[in-house]
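The data below hold one chain only, encoded as structure tokens and taken in the form predicted alone.
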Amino acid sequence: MSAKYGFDGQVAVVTGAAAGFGLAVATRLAEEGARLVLVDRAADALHSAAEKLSGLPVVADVSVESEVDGYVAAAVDAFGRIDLFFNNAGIEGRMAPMTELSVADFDRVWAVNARGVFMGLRAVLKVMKPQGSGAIVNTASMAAIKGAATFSPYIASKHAVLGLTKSAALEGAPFGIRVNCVAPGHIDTRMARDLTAQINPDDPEGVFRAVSESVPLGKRYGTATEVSNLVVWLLSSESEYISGALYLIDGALNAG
């Protein structure tokens, strides 16, 4: 694919880069000339992706403060700056009614999806502010705008991502830094497949088909590539007046 947005030479950090949305975005950015720092805790898959995309792999757990500061330091040490940040790593956690969830269940999801996003924003903003430029996209979810029974830790964490996005957008604006978030609906990834298995371990494919039928546009799950198209546009100069926004990508599922 020929370059469309002109990322030549820009330094991009992508978390959750070994699979799913992270890998799709990293692939697109590599195709458009960005220099990549790829972050994930799945070492083997990460190194495979980094080799394919000629990126710098950094094995890190985004829920650990020192490791977040470490991946940002690695990017600066290697390239001297950070221009683009896809703050994406996340987990789904266990589905169950609140009365059946432990505090540890909640804390595990919150540590990655909310605290990890906060720490990533904090560390990257410290680099971008002196530059006077930068673009950030956080991965939220349609769970950022609605509730769902049996999914409270994830719902709470993605509401937090939206709040962090808005706060970071206001803090970054005086420095020329834009911060937005994407809110995917049902997208065909490992996480989505695992959720169907949690909902009905005896018939996950039946759950997948039923969910597909619930989507107004096309009666199908979306793809990671479709999410990456939106993320990359938000990182590009074509969206230079957009900050603090949430973009649904859900096939009109939440339009009603």
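The shown structure was predicted, so the numbers you read here are calculated from the model rather than taken from an experiment. All residue numbers refer to positions in the sequence shown, first residue = 1.
There is another form of the same protein, the form predicted together with a small molecule; it is not shown, and what comes next is about it.
*Asks:* Counting any non-hydrogen atom inside 4.5 Å, which residue from A89, I136, M128, A168 sits next to the small molecule in the predicted bound form?
*Replies:* None of the other options qualify; the answer is A89.
*Asks:* Using 4.5 Å between non-hydrogen atoms, is R190 touching the small molecule in the predicted bound form?
*Replies:* Yes, contact at 4.5 Å.
*Asks:* Contact with the small molecule in the predicted bound form for E32, defined as at least one heavy atom pair within 4.5 Å: yes or no?
*Replies:* Although the small molecule is absent here, E32 would stay clear of it in the predicted bound form, with no heavy atoms inside 4.5 Å.
*Asks:* Heavy atoms within 4.5 Å of the small molecule in the predicted bound form: does R178 have any?
*Replies:* No, R178 is distant from the partner.
*Asks:* Consider A49 of the chain shown here, and say whether it contacts the small molecule in the predicted bound form, taking contact as heavy atoms within 4.5 Å.
*Replies:* Result no; A49 lies far from the small molecule in the predicted bound form.
*Asks:* Name the stretch: of 73 to 81, 170 to 178, 118 to 126, 89 to 97, exactly one has residues whose heavy atoms fall within 4.5 Å of the small molecule in the predicted bound form.
*Replies:* The contacting stretch here is 89 to 97.
*Asks:* Is the small molecule in the predicted bound form close enough to H159, L230 and L234 that every residue in that trio has a heavy atom within 4.5 angstroms of it?
*Replies:* No.
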